[in-house]
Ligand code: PXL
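To begin, one chain is listed below as structure tokens, in the form predicted on its own.
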């Protein structure tokens, strides 16, 4: 992977503690040689996963003003990458960013829920309008909960067959994005995979990862960030999926070995040097 000099506008929340969202996205992309321009949608004292009452400030009014300032400066962005949105109006602001930079890579991580349930902050209006944002994306990175919301189907309760997985990927591609990646898919063959679809090539991919009996916040953010950095640095889709899968697995296994509180997130600081290596990863196969 060649170092890039790309610039990304990252439209995400910022949690002060817990290693997720912008607190992991910025160092990961920076380690890959990508400049991150943070556009915070909200500031939280911690993430919302089991940390008690969270102190939060909504920044909806900030987003459009930031875009206007960047346009006055004549700034160009190679990527627009959105994640957690705290209300419906922020979808409109993300669409403004995408429209302002039509040549940029448009990455939408449709953060809406996990483990079969929407997040308590994800209203019915956000879930409905997220399809509008997905329609304008070049690539999306939902988990299976978000797949079920986007497609209007029941959350799958068991492992997926290859045929089911391909159907989900293709149906998501029909919503608009040319490339789709679904994270954390439990396949009938007994492996856990991150799976991808390139509509233009009609190609399906998977990168497998080993199961670790713990869940950490922020791993989806890390995956999408490294995927974005890989694509901006010249990776093909399967190479980028492989790179992101390998890095997240490294972070998870490193953290699990130390036995730290899962609520505190992965020990990103121990693993970041891995992202600075120039290497081609081929830990993928056709789905």
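In this text the structure is predicted, and so the values were computed from the model without any measurement. Residue numbers count along the first chain shown, from 1.
There is also a form predicted together with the ligand; it is not shown, and the following applies to it.
Using a 4.5 Å cut-off to the ligand in the predicted complex, not one of 205, 235 and 282 places a heavy atom inside that distance. This chain lacks the partner; the member of 30, 254, 48, 64 within 4.5 angstroms of the ligand in the predicted complex by a non-hydrogen atom is 48. For the candidate set 150, 111, 160, 104, a heavy atom within 4.5 Å of the ligand in the predicted complex is found for exactly one residue, namely 111.
Contact with the ligand, judged by heavy atoms within 4.5 Å in the predicted complex, is confined among 255 to 263, 215 to 223, 237 to 245, 66 to 74 to 215 to 223. Of the heavy atoms in residue 84, some are within 4.5 Å of the ligand in the predicted complex. Of the heavy atoms in residue 10, none are within 4.5 Å of the ligand in the predicted complex. Of the heavy atoms in residue 34, none are within 4.5 Å of the ligand in the predicted complex. The ligand in the predicted complex comes within 4.5 Å of a heavy atom belonging to residue 44. Of the residues in 7 to 26, those that come within 4.5 Å of the ligand in the predicted complex through at least one heavy atom are, in sequence order, 13, 15, 20, 21.
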